[in-house]
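Single chain ahead, written as structure tokens, the form predicted alone.
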Amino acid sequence: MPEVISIINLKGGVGKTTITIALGEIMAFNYDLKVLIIDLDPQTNATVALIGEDSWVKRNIRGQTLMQLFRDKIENTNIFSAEEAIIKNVSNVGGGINALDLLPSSLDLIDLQDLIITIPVSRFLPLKPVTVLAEALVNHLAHYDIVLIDCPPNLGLITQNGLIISQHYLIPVIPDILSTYGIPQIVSRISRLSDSTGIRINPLGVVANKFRKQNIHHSNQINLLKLRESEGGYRRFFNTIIPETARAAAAMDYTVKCMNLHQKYGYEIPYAAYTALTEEVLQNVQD
């Protein structure tokens, strides 16, 4: 079975999706690993960055996104097929990176999340709402070495579906007070989910993103995060720190075709930081 990592933060804008995609691309391209990215975020940013908006629209109409999976469970239909929904060899690099696959999200999940919340719990009892994704992928996960899950910025039922199939979770943060404020809530809530299900979901650590060297508050916050590793319950603060750079945001534009990862992420920044983070993640998932 693969190592499954949920990437999560309760605050948007921390670069969660960018880190997910960079890790997936580097793991597949540089390490020849079979990687599946699962886009659980209704914002659909990872999906559009990896296959483009036109392809997403067509697949969404055909029910080949995760929206259809959850809609099936609500409406008692059987349209979703994981085999048809998983897209092979995605990315804007080289016409697609071999062994990098995507299970796409949908903007329609925004409305569906609200609908899930309003449905009486009794309707869900036979469906086991936190295991919907696990049941859909039971025959597919074994084909991969690594699965990366881009989670929504909340801990609702859809996020829990991702966490339930994960052995690890990674918390990207901007090193400021606002984006690190929710770390204790993430750790404690996932710990309770782990205890209630009997499934071990371990913190992989916290990684600083969009770091500004000239910002004294960023430096101070990083020092605090390092000091609080043990008491904070998030296991470790990653040595790799991702600097803020316009190149990282630009790399998410699917319409810009690239021949290789250097062309996509630059020859130094942020490519060097992403490759260092990838190596660090791969080392620590085996701990």
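In case it trips you up, residue 1 is the first one in the sequence shown, and so on. Predicted model only: the values in this text are computed from it and were never measured.
The same protein also exists as the form predicted together with a small molecule; that form is not shown, yet it is the one meant from here on.
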item	value
Proximity to the small molecule in the predicted bound form, single hit among 129, 203, 153, 182 (heavy atom within 4.5 Å)	153
Residue 265, heavy atom within 4.5 angstroms of the small molecule in the predicted bound form	no
Contact label in the predicted bound form: residue 209 to the small molecule, heavy atom within 4.5 Å	yes
Residue 249, heavy atom within 4.5 angstroms of the small molecule in the predicted bound form	yes
Partner contact for residue 15 in the predicted bound form: the small molecule, 4.5 angstroms, heavy atom	yes
Contact stretch among 227-235, 60-68, 38-46, 214-222 - heavy atom within 4.5 Å of the small molecule in the predicted bound form	38-46
